[in-house]
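Take a look at this one chain, the form predicted on its own, written out in C-alpha cells.
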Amino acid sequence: MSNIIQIHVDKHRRNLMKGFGAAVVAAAMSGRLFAAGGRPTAVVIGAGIGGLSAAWELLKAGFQVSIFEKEKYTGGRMVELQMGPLYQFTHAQMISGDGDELFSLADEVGIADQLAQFEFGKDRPRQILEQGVLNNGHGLYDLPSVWELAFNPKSAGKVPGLSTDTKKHLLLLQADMQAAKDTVDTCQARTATAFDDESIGHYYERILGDQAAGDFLPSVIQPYCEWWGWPLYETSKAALLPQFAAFEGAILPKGGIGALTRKLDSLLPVQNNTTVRYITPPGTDGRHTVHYLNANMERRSVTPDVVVCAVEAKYLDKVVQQLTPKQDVLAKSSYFSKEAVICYILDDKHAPNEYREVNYTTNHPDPLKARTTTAIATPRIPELNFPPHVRFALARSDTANWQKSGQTIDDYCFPLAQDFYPALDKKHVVDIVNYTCDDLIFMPVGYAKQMNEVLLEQEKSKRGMYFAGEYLAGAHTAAACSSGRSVGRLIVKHWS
C-alpha cells in the first residue's frame, strides 16, 4: 500500500472512531445502548471473524454498532490464548492463501504485513509447516495437491505405493478439477451447489473405478478428510473438490492467527462477557428484541434496527425464536467435527533435539500409527513461544472409540504418542494441555444447497435479522470473513 493510500485509510478509520466515540458518550449520558438520532442501529452477536467483519462494514456505512460476545476474549476460532504454559492458536492456525476478502480487510485496518508468512531466522531456514510428511506404510512423502496429481500424473511418483494403473486414471480428474477452479469461490461455498450431489469418496470411485480409487483414496484423499474430521463417504464433494482445485497454500501469519481479530477488537465496540439469552421474533415494525446478560449478569434487552446473528450454527435454534423453515433445516444439519488433541509439555533437559512432524494414513499397516492423524515433537522455539512438547492428534476415525472407552484423553493417547516419540516419559512431563474440542463445520451431501437456500431468502428484501458465519460460507477463517463482509454490505444495500 502506498503512503498516500495508507494516510487516507488511517484518516478514514480515525473519522469512523471519532464518530463512534461521540455516539458512545451521548448514549452513556442518556442511559441507552445507542445514541438517539437518525443513524440506524445494529447489534452483532458473536465476535468471531464473521461478526467482526460484518460490524466493520456496518460501522463504515454509518450504522451505530454494538457487538455482544459471551467470552471474555474476542476472536472466536481465530485467536491465540494462554493455555497453561502454551500461548498459541486454539482452533485455526493458518490462513488460506485464496482469502481475498480477509487480506483486503487486513489492508484496510493497516496490518497487511502481519498476515505475511511467518519465517524463521537464518538458524532455522525452513518454515515449520513444510516439515510435516505423510507415512502410509510404503514410505514418507509430502502430499501433493489433487490439482497437481490430476494435471501432472508424474507427480504421483511422490506418493509411494500408487500403482501404474492408478497413475494413468488420474487424468480422468482433469475436467472436473478445471470446472471447480473456474466456477467456485472457495470462500462462498454456495457457488459449489452444482457439485453438491455425491460424497467425495463415491465421486472418486465413480471417476477412477473401484480399483484405482481403492489405491488413491487412502493415501491422498483420506488424509485430507482426517485432518478436517470429515467422513469420506458422507462429505459432499462440493466441500472438498473446489478446495483441491483452488489450493494456493496456507499461510502461518507472522503476527499470529489472532492478528486481524485483535486489531478489529481495538477498533470496534465489542462488549465481552455479554451473553445473549434469546432473540424474539420481529414485531410489527420488523425489529427483533435481543435479551441478554451483561458483564454484571444483569438482564437487559435492546431492540435495534438490525441484528446480525454471527454465532456458531449449533446455537442458532437455541438463541433465535422462530427460525424460518429453511433456516431451521440448515441449523439442524450443522454440526462440528470433533478433534482430540493433547500436548505433553517437557522439561528443557528432555526436550526434542529438533522439530519433527509425521502424519499417518488410516490404512497404515501398523495399527498404532493407523490411529494417529498427526504427531509432532517440538524443541523450545522462542519465535513461536513454544515450550518443548509432544503434540498428538488422535485419528478422527478413532475418536468415537476414545469417547466410549471411559478413559481420559491422556490415558488413551499416551501409548500412541510414545510410539511416535519413544523418549516420551511421564517423569519428564511438566504439564499437559488438552486441546480436545469442536473443530470444523461439517458439510455433508446437500449442505451447500441448503446453505444457498438460506442466503437467497436472506437476500430477497430488507429485514430485521441477518445471519453470517462459516456455516454459511465454508469451513475456514477466510470464508467466515467473506460471509461477514458480504452480509454487512447486503444490509447497507437494503437499508440505503
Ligand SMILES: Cc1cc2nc3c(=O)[nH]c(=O)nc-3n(C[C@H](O)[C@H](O)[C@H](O)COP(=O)(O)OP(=O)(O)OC[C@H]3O[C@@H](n4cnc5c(N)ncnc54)[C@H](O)[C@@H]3O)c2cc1C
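Since the structure is predicted, the reported quantities are computational estimates derived from the model, not experimental observations. From 1 onward, residues are counted along the sequence shown.
Unshown form predicted in complex with the ligand; subsequent notes refer to it.
- Of the candidate stretches 85 to 93, 177 to 185, 322 to 330, 406 to 414, only 85 to 93 contains residues with a heavy atom within 4.5 Å of the ligand in the predicted bound form.
- In summary, among the residues L346, V311, L264, I200, the only one with a non-hydrogen atom within 4.5 Å of the ligand in the predicted bound form is V311.
- No member of the trio E101, E459 and G488 reaches the ligand in the predicted bound form with any non-hydrogen atom inside 4.5 Å.
- At least one heavy atom of L440 is located within 4.5 Å of the ligand in the predicted bound form.
- Not displayed here, the ligand is kept clear of F467 by more than 4.5 Å at the level of heavy atoms in the predicted bound form.
- Contact between A55 and the ligand in the predicted bound form is not found at the 4.5 Å heavy atom cutoff.
- Although the partner is absent here, H428 sits far enough away that none of its heavy atoms falls within 4.5 Å of the ligand in the predicted bound form.
- Taking a 4.5 Å heavy atom cutoff to the ligand in the predicted bound form, the contacting residues in 263 to 280 are T274, T275, V276.
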